[in-house]
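Next comes just one chain, in structure tokens: the form predicted on its own.
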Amino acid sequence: MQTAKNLGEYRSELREALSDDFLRKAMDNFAVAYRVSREKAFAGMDIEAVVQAIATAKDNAVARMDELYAEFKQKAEAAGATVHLAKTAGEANELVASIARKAGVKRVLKSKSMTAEETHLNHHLEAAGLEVTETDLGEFIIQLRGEGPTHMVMPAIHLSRYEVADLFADVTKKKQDSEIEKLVKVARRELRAKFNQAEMGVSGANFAISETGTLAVLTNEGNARLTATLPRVHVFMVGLDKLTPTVEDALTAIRGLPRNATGQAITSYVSWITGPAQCAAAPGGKKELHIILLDNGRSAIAKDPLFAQALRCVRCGACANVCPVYRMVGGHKYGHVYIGAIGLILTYFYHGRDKAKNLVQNCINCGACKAVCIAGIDLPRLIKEVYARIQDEEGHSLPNAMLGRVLQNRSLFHGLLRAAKLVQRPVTGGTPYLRHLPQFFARDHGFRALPAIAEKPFRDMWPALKPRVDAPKASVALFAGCVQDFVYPEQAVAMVKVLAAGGAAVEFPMGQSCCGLPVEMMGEKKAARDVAVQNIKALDPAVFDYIVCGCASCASHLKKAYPRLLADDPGLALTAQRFADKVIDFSSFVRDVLGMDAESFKNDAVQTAYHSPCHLCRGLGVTKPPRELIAMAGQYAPAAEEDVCCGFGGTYSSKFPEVSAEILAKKLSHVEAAGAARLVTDCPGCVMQLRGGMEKRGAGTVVRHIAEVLAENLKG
């Protein structure tokens, strides 16, 4: 598989995928249908309990990997199988080839196996002179096309039935009808002869159960059973991470895996194989059964305190199903072998940093993958950590290192922002937007109008704004972040007005700076930590009852990342946790702490759509407060996919503007379809993206921060 040499080449590949209309339509249809199917499949179940049970079982197995391997080998060989341990992908491939040579095999059947894809087994066997046939329908199709899978569960989802009909016509030398049922019959007819002729079958497995030496295979087609049953030699290739102590542990995972993968309660076939089956064509009347357990870095990952959780993955593919980037470009551009969020991580370990270094930057950090993961893997954190490790290994890029150094020095950072206000004047045209972008920047970022730096930052307004509140309900430190401070100070002004009206005593500590999320996203871990220390010292948790934040991304980062970033510092770890405990988003504070309700606001009856920021609905789990507040001050107009990313992602939209533009376009279309005159959100970054997009469209929909709408509609 070809790999882009640099980010420029990779972006060219992304643009090619974005121009594929069928791919985009197929990904869209699937993304929408998947959400509905998954919700129905888990109806009435405690999903969090299922996730916790799977995570606990997998963590236990990973911690006992060596012990489980020894037990599995003993039990499987007692049942008549031969068990091999392959340290590397090449060793595993050669084991399969040598088994074929010794058995006089010429023709090999394969049922779908991501482990075999990982090792590039087909290429090795074909180079050894063997005929290899994929028997899963999707894998059969992409094998004929000379491609890899674009999804772990649905490998040919990127192809239309017309493309498949043309492909089958080339193979059969006969024109084929594009009706799906007829195409399936063509594939069945072509494969039936292969099943009858093959001497060896190669399979993957979902679970390798150590207490019995049993392998479990979950499929929706009968091909895996035929592959395991018909040929006289059968080889399982299974990752060490599939080792499971008991059948009960496997059944625990099976409760969640099909539901999370395809919205099914159970797959069509669940096969349990212990030892070789009867086979009249084989010497001694029994099949020759080999089980190859592949390491290829798994034992090293298992010993890594952070990355061991990646081995919980049950290969359901759900992290791709909900990923807004995957939805735009498909798996061939959002993975190497393994696709989706887990693929961005595993590529680094299984195939090297040269294959991972571009892919791992293409994460918008929306958290959808973490929210849907049935094994509870913190995928966004691991992706950021992989990027940081690659930076440490290859050297930090100049833009990343420079941003890190700037944010570490608050005075320098704020000084540069103030200087930018003066420099931008010739390009604003007297508007709040940068009307004339530099030529190198304009071509890629023309999908939205970018805001200008405000004439006066919020921190300069604060001395005159500070309200006096008698008998306050709570003391509040307002965290404005860099965008509300220097770009949209009117949002912070509105927040202060609402908070004071609700009875909060508000302070704005001047020592605060950027939250540090941008530098963590760019792999600058030291800078992220230094910024965290600055802000914790500025907003001393011993002084305030709450730290209120009007930016969802900042709030999530302050609350979730700061304790982690400072966990190894005995002098700051406890303070960081106390700080995090006091962080709360603006909407939750207004509704739940101050208790403001419909009596607090006038209702202007404006039809108002809502965009739910990723770091609010998933990062902080806040969904109801902002919608309820909108209904108090206007007419809430539900829009499709409110909780799907708007495409901003902070620095993501500047690094991958072509993808950001397409995600934004879909979001704006949903808002327009809702018939809303106003669009409200809780994040200044989202405001920047959404307002800039609406401005470029020339649409009449007004984009506001929720604090602005509430402030304008306060009673009294």
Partner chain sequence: MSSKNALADEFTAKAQAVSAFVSRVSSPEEALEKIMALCLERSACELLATGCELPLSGDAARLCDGKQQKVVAAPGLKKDLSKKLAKLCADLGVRYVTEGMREYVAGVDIGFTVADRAIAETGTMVFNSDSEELRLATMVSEIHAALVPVSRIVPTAMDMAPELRKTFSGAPNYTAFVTGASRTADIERVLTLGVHGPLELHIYLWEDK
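Everything quoted here is computed from the prediction, not taken from an experiment. Positions refer to the first chain, counted from 1.
Below, we refer to the form predicted together with its partner chain, which is not included among the displayed structures.
*Asks:* Although the partner isn't part of this model, could you tell me whether residue 157 comes within 4.5 Å of its partner chain in the predicted bound form, counting any heavy atom of the residue?
*Replies:* Yes, contact at 4.5 Å.
*Asks:* Is residue 636 near its partner chain? Define near as a heavy atom within 4.5 Å, in the predicted bound form.
*Replies:* No, residue 636 sits far enough from its partner chain in the predicted bound form that none of its heavy atoms falls within 4.5 Å.
*Asks:* Under a 4.5 Å heavy atom criterion, is residue 414 part of the interface with its partner chain in the predicted bound form?
*Replies:* Taking the distances in the predicted bound form, the answer for residue 414 is no, it never comes within 4.5 Å of its partner chain.
*Asks:* Is residue 195 one of the residues lying within 4.5 Å of its partner chain in the predicted bound form, judged by heavy atom distances?
*Replies:* Taking the distances in the predicted bound form, the answer for residue 195 is yes, it comes within 4.5 Å of its partner chain.
*Asks:* Exactly one of 102, 624, 123, 174 has a non-hydrogen atom within 4.5 Å of its partner chain in the predicted bound form; which residue is it?
*Replies:* None of the others qualify; the residue that does is 174.
*Asks:* Scan 266, 420, 631, 640 and let me know which has any heavy atom within 4.5 Å of its partner chain in the predicted bound form.
*Replies:* Comparing distances to its partner chain in the predicted bound form, the residue within 4.5 Å is 266.
*Asks:* Among 266-274, 323-331, 363-371, 91-99, which stretch has residues whose heavy atoms lie within 4.5 Å of its partner chain in the predicted bound form?
*Replies:* Partner-contacting stretch among the options: 266-274.
*Asks:* So, a 4.5 angstroms cut-off on heavy atom distances: do all three of 138, 211 and 230 pass it with respect to its partner chain in the predicted bound form?
*Replies:* Judged in the predicted bound form, 138, 211 and 230 all sit within 4.5 Å of its partner chain.
*Asks:* Of 38-66, which residues get within 4.5 Å of its partner chain in the predicted bound form if you count heavy atoms?
*Replies:* Residues within 4.5 Å: none in this stretch.
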